[in-house]
Ligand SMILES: Cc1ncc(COP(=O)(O)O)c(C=O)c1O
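Okay, here we've got a single chain as structure tokens, the form predicted on its own, with questions on binding and movement later.
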Amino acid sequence: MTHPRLRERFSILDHSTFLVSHSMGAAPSGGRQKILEYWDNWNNTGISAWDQWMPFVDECRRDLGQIIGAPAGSVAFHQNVSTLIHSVLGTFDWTSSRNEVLVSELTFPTLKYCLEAMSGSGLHFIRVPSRDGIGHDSSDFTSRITDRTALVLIDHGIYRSSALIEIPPIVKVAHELGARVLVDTYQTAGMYPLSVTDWGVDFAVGGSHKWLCGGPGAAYLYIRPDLLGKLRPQLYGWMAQREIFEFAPGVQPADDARAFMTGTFGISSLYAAKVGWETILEVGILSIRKHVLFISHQIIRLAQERGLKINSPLNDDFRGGQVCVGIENAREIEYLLSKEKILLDSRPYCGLRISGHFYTEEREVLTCFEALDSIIKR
């Protein structure tokens, strides 16, 4: 159940029905003060602010690592996942015979964009078809891994259906056949109790503006610790150096994941994000998952009572945080609901995407569907 003290930290809940945490988590009020702290460091100490900023970045790596089950030194940051994906792709030799990447046909578009942009390097990506247009069995991937597979790129949660993909069986087969695995946790981190270490994946990426309530600009990359020092990213900058303020004349990569942090990154974004991460850790991801599922049950029930199609798995074990409700003119309905301060979103092929977080009350779901009734009757 939600707790009034927790809801009070998110002022947007006072004047809206917020059912869109799967796309943009509510802003915690403490984030404002944290951003001001960044400003004060910069304003009061000038260039000396770096003496506070870099230790702060290490604090952030520890916090984020706790959420995704990763050692702090295995985490790197950048403003967006696209840059981090390219950083990982740059560690492969795409001119070799092992030059294929498997990716779901349902994957978030930016992942396909990254792969397509690399096609001139020799990379070949193979779209793995979905059997039902909603999700995947792990065998959809494992059956296609060969000695030509360099990388399997998997969405833990499918953005347009909320379907979850079981990761460990894919990792097992990939590693047996000499391939690596990169998992996008953007749709699940902060809502689902995951551990990249337990999965055994080689890489994982994600961002902070969804379930982590951390705003945009604080994306992360996990690299399996035993790979650190063996991989040499081609996307490189001074923040990746072992000693960033020595300004050495040649490349000297850091001996941990900072070797993937390229050049100067958005320090202010990390200040905003850290409050969200700390809140997630305070509430507890197991508790969050339980409440998100409770709210999801209400969404499914109310949608089915109205004869609406559910474009998400009905089994809790296979569904992420949002429920995708099939309805005509979803984008127009999203707009009309927003005018009534009911916030959700829509996507092609799935309809309306609706979700709750730990701060969502059951009554808010009913408010949404009652407003939906009124729109449909017009």
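The first residue of the sequence shown is number 1, and the count goes up from there. Only a predicted model underlies this, so the values are computations on that prediction, with no experimental measurement involved.
From this point on, the text means the form predicted together with the named molecule, which you will not see here.
Interface membership of Ser195, defined by any non-hydrogen atom within 4.5 Å of the named molecule in the predicted complex, is ruled out.
The named molecule in the predicted complex comes within 4.5 Å of a heavy atom belonging to Val81. Tyr159 belongs to the set of residues with a heavy atom inside 4.5 Å of the named molecule in the predicted complex. The named molecule is not drawn, but in the predicted complex it has no heavy atom within 4.5 Å of Phe294. The contact with the named molecule in the predicted complex, taken as any heavy atom within 4.5 Å, belongs to His209 out of His209, Arg224, Arg258, His136. Listed residues Leu235, Leu111, Met239, Leu228 were compared with the named molecule in the predicted complex; Leu111 is the one with a heavy atom within 4.5 Å. Remark: of stretches 275-283, 300-308, 184-192, 90-98, the one touching the named molecule in the predicted complex is 184-192 (heavy atom within 4.5 Å).
Scanning 134-157 for heavy atoms within 4.5 Å of the named molecule in the predicted complex gives just one residue, Asp155.
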